[in-house]
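A lone chain, given as structure tokens: the form predicted alone.
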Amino acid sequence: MKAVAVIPGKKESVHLTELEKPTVSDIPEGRGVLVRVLKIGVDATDREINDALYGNAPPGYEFLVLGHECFGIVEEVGPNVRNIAPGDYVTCTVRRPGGSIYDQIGRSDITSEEVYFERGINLLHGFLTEYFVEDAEFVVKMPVGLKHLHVLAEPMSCAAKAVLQAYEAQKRLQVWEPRRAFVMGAGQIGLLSTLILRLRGLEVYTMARSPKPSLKAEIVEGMGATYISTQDKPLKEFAKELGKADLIIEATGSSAVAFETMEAIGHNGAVVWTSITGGQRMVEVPSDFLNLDWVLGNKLLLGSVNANRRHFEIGITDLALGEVTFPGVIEKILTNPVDGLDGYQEMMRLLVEEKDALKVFINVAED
């Protein structure tokens, strides 16, 4: 069967390759789930792997199959699978357990090991192929009523985790009732974080470089949030005029912006960094001021990456609630479809050249 892969460490090596079709018996103890791939989402992670910034092939292979945002339909299940049946629409978690205590309790998303295993990213093939098989533990059902949102389940899980982790960590304060949130970046994670925070009732300001009018602004405002172009109003200036935020979700992909957020958070506030920045950029920060301000202000900074099954389920629930609360808005994020695995070059072109592409996805097969 066809698959789209890269040779890790070799820049711009994306290509079409062949893999043997998997079977449910590939998974031990009768827990296999065979999925026919319908759609795969791609993002900056796939672009950066193709740029040879990170990523490693599975043992025994010189290539790594891309794709960590999947949506498909179940064709067959092993004899010990009870909660999933042929015909179910499903997505799949990305990271797989290593050997740490966190991995052993189902929290591979916060593994303490330096070496991690992520499908389509590191040491495990991804989903950008015609079929995959997986242990039922990592397969998550999607309601038929949400199949039009398909590949958004994975980025939604990351946004759900980022917000949830902030609330969990802020239990340190005993009482924390955030009212104002800034979301930095209006890509998929930023927009989905905006959705989650609006569903929680926060006053949300989502900031990105693009001036209005734009699709990003339309989506943000369709969710009842306020869109701010940082070209018109830089973060520091905006926070000075409006007041600092109680919660900031940083999702720009820029380390410089990530550090800027540290000056825009209020006392007892929390900043969540979700950006993955492969590179060597250096920025200057007001370290004495930040040290004093953060210690005296009891402020919290945390990093959030990946998601586990629980976050997928929470994210899917919020997608459903978002569809009811803001009908027709979420689907606008799905901007750039590509037909078939043979269109991998167009897929990569969109990721590299189309700065307004919110979500590039591949239509692998018809439902």
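Source: prediction; values computed, not measured. Throughout, we count residues from 1 along the sequence that is shown.
The discussion below concerns the form predicted together with beta-D-glucopyranose, not included here.
- Remark: residue 320 does not count among the residues lining beta-D-glucopyranose in the predicted bound form, judged by a heavy atom distance of 4.5 Å or less.
- Mapping the unseen interface onto this chain, residue 54 counts among the residues with a heavy atom inside 4.5 Å of beta-D-glucopyranose in the predicted bound form.
- Although the partner is absent from this view, residue 95 contacts beta-D-glucopyranose in the predicted bound form, with a non-hydrogen atom inside 4.5 angstroms.
- Residue 283 falls outside the set of residues with a heavy atom inside 4.5 Å of beta-D-glucopyranose in the predicted bound form.
- For the marked spot (13, 47 and 345), a heavy atom within 4.5 Å of beta-D-glucopyranose in the predicted bound form is absent from each of the three residues.
- Only one of 87 to 95, 265 to 273, 194 to 202, 171 to 179 places residue heavy atoms within 4.5 angstroms of beta-D-glucopyranose in the predicted bound form, namely 87 to 95.
- Taking a 4.5 Å heavy atom cutoff to beta-D-glucopyranose in the predicted bound form, the contact residue among 160, 121, 77, 247 is 121.
- Contacts with beta-D-glucopyranose in the predicted bound form, taken as any heavy atom within 4.5 Å, map within 141 to 156 to 154 alone.
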